[in-house]
Ligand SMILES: Cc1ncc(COP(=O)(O)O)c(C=O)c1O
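In structure tokens, the next block holds one chain alone, the form predicted alone.
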Amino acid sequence: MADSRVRGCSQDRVIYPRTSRTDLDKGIPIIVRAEGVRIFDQDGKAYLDLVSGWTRPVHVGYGRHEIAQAVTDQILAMPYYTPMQFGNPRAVELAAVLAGLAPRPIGHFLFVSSGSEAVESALKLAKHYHHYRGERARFKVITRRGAFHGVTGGALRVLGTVLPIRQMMEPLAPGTIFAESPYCYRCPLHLTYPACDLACARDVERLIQFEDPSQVMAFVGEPIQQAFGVCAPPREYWPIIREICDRHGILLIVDEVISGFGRTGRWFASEHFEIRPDLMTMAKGISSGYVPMGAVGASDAVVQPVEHFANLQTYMNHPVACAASLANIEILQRERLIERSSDMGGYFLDRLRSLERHAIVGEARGAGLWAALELTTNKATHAPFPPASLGRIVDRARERGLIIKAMNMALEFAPPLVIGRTDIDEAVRILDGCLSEEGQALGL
């Protein structure tokens, strides 16, 4: 059903993030309704959403009345009260639930409004920790080339992608150290696993020594990196990073904003690698995108020295967002969607691997219901794939009713965890045709 209130309104009055003038001139869809794993635009066209709202938050699918009811009930009981000097029952309840789900030793939680704010708050909490322990010289942060950790001021500081916003917004806060990422398909160190002996991880020690260990505050990283297209490191990677951090008194911040709440077939992707984070960031799947929500988890060891966390944003620990998240987590548990992500993710990855027969598909990879097709113009050399060609594949898919996205030189997929085999088969069939056409266009 079209939304009659939008008819006649100009799109030009809305500022659209990451949307070019060219896209706006062509016209972008106005999405008016969503149900299950599908979205519907103003003209009534249906799309199979293979990226859970594009930014991947909608884990439980669209149209969940339980979450809407939880939001309504909380708004009527108490819509808001300050997070400073006062508590609210939903934040207390959600913290207790998360303490039972998060990887050890995470057990304390601060609720914010987005993943970017979660990263920002984690960096501030790390600085507070060192400050109260008398190590006030620690301010430097190690991040990785290819990392994405958000776009607020502090989060931009650790943004390792080549998105133009980082360069555009410079100068940023000083003290960022960029390490290489474990991107084995196109290794930035021109090495091959396992003969590389995890040089990308071991080189972090050299960077720390060069910067002075007494000035390094934290290492921040995603368990599985999204900016290369669902790029998981070798199993040895995270134990090496953890040992280096422990040896130098550096806090390990694990960014689970995308990978948490079942996306990879576990509650948190840290479980695949047995990572012990000091701080952990969350968002997206915590509320399935039904309301803005993010969180920072911290260990006892990090929280205990902090006498006073001198950080306040109006909507921290928001009772309505916490109520929505509690309802969302109840659905994830009741319907066993974490297990479903693992099982259905295996089926999805097998189907994607059937597309490796295309000349332009270098590798299919994934974890749970988060997967990618790495594209190349030469399978033997892993030659780069043209961005314009990626864009054409995404556009073709959209024309045929499938929403996918490009990420670096890959196509990325993150469907709602409720997706079924029939929908996966339909998606792969459309992808097959789109890849064939682009391969032919490139003469491959």
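Computed from a prediction, not measured in an experiment: that's the story for all the values here. The numbering used is simple: start at 1 and walk along the sequence shown.
Heads up, the form predicted together with this ligand isn't pictured, but that's what we're talking about next.
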Q: Let me know the one among 114, 299, 176, 161 whose heavy atoms come within 4.5 Å of this ligand in the model of the complex, would you?
A: 114
Q. Out of 150, 277, 265, 229, which one falls within 4.5 Å of this ligand in the model of the complex, going by heavy atoms?
A. 150
Q. Looking at 206 to 214, 241 to 249, 176 to 184, 220 to 228, which lies within 4.5 angstroms of this ligand in the model of the complex, counting heavy atoms?
A. 220 to 228
Q: Answer with yes or no whether residue 286 is in contact with this ligand in the model of the complex, where contact means some heavy atom within 4.5 Å.
A: no
Q) So in the model of the complex, does any heavy atom of residue 253 sit within 4.5 Å of this ligand? A) no
(Q) So in the model of the complex, is this ligand close enough to residue 295 to count as touching (4.5 Å, heavy atoms)? (A) no
**Q.** Contact test in the model of the complex: residue 258 vs this ligand, heavy atoms, 4.5 Å
**A.** yes
Q) Which residues from 28 to 54 come close to this ligand in the model of the complex, meaning a heavy atom within 4.5 Å? A) none
